[in-house]
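As structure tokens, one chain now follows by itself in the form predicted alone.
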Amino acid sequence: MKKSILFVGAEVMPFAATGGLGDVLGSLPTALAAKGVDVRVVMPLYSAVGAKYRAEMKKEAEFDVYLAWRRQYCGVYSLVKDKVTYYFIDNEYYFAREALYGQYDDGERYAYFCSAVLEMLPQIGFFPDILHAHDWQAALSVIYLRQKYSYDARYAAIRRVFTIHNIEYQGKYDFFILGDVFALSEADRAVVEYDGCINLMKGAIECAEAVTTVSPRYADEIMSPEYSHGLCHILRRYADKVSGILNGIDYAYYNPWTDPVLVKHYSPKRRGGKDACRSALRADLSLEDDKNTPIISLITRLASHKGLDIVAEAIRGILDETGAQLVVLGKGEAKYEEFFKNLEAERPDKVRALITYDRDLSRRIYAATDIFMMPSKSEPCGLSQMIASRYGAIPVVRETGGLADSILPYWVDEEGEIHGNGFTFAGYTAGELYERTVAAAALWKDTEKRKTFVEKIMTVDFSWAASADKYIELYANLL
């Protein structure tokens, strides 16, 4: 039997996205479809979805969604891309906003979205074998499916999968809105109750038949208080249904041989284009173009858990020791934005702080980068280290979450064979970040070793192929 999967998520590339969740929902379905799976994806029709894609959509249905005392319009639009059918839930009251998230009524918006997803199924004549929901915004689709729709034979056969992309954001609310906003009864209270409040992620963990995280290491880490943001107790209770599958990256989108934003293309065997990309970025940023000086980069959300406190402590010593230039791209906490802007003012010949979010610029920086730093305190999976490797930048990462699963430490055996695909460190200290980054720079300055190592890291397979097979196995086991 050909399996059918419905992905439910709050953001999907290339339609509307803010980060890694959108990347995954934009690329994993394509990888599954390439293996013969009937994959469909549903997301809100935000105002951010561009006219190009709206012009390709066709209207599938129009109906009312009831959420507690509310009666709201719902339109369903669809388009097909790379053998995947995408559905868009249209309601301008909830989704015609300037930002995807951070609204005062996010709980109500995503409760409506999850209700609309389930009400959509008979309207479009599609009941999937698997409903696969992602992160807290989609958690209620799993909860509703079990708690409110299981009496209906059409829904009862649908298996439920929930993926935790970032456990820090759980969908916590006061019980005052249990019925008024979430349309749940007192009989449902125990399902969503955790630590004295409504916790939508906890409810999805309880209601799902399989729970996945985005890397095997992260699946282990969130069983401990240090990484679970309070959810370790419920995860331990349901440990038998929790597993980790490492994310991949979209090899068609992140490809230095075809990337349209690069001034010159290159590949593992033909890397001359990387020198051209480095020179072009330096020209744009008014940095000296010295072939013996490496570029170190940080492309990240400027947040504490990304390891920026130890970067701030170590970076001056790293720049002094290596002579490297530093390029930072990202937005976030004001203290880190100010730190990097001040560092640029202090070292105008060596540092550029680009306080923005720009996907095209990020790929130009990856292509110009020689050493990529990602010293996260916690990292569920991380895609940046994979993208950096794909573009020939040597990763320096802390051994946590998906960073530990994807980047193995560099070492050379007695025969001179190189092992690993990056420089890693275990302790969360500025000293270890300094030592490993300096070691990476020393390797880079050894032309012969650099040639061999960069070719090696560029050929590591971070595509979705292997991970897609693991998801197919998971779905098959449920069915």
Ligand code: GLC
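Bear in mind the structure is a predicted one, so any value in this text is a computation, not a measurement. Note that residue numbering follows the sequence shown and begins at 1.
Beyond what is shown, the protein has a form predicted together with alpha-D-glucopyranose (GLC); the following relates to that form.
Exercise. So which of 283 to 291, 158 to 166, 118 to 126, 179 to 187 is the stretch with heavy atoms within 4.5 Å of alpha-D-glucopyranose (GLC) in the predicted complex?
Worked result: Result of the contact check: 158 to 166.
Exercise. Pick from Leu21, Ala16, Ala468, Ile457: which has a non-hydrogen atom within 4.5 Å of alpha-D-glucopyranose (GLC) in the predicted complex?
Worked result: Flagged contact: Leu21.
For this session: Answer with one of Leu383, Leu100, Ile205, Ile365: the residue that has a non-hydrogen atom within 4.5 Å of alpha-D-glucopyranose (GLC) in the predicted complex.
Result: After the contact test, the surviving option is Leu383.
Exercise. Taking heavy atoms only, is Ser389 within 4.5 angstroms of alpha-D-glucopyranose (GLC) in the predicted complex?
Worked result: Close contact is absent here: in the predicted complex, Ser389 is far from alpha-D-glucopyranose (GLC), nothing within 4.5 Å, heavy atoms only.
Problem set entry | Leu200, heavy atom within 4.5 angstroms of alpha-D-glucopyranose (GLC) in the predicted complex | Residue-level check for Leu200: no, no contact with alpha-D-glucopyranose (GLC).
Exercise. Counting only non-hydrogen atoms and a 4.5 angstroms cut-off, does Asn247 reach alpha-D-glucopyranose (GLC) in the predicted complex?
Worked result: Asn247 belongs to the contact set for alpha-D-glucopyranose (GLC).
For this session: Spell out, yes or no, whether the shortest heavy atom distance between Cys114 and alpha-D-glucopyranose (GLC) in the predicted complex is within 4.5 Å.
Result: Contact check for Cys114: no, nothing within 4.5 Å of alpha-D-glucopyranose (GLC) in the predicted complex.
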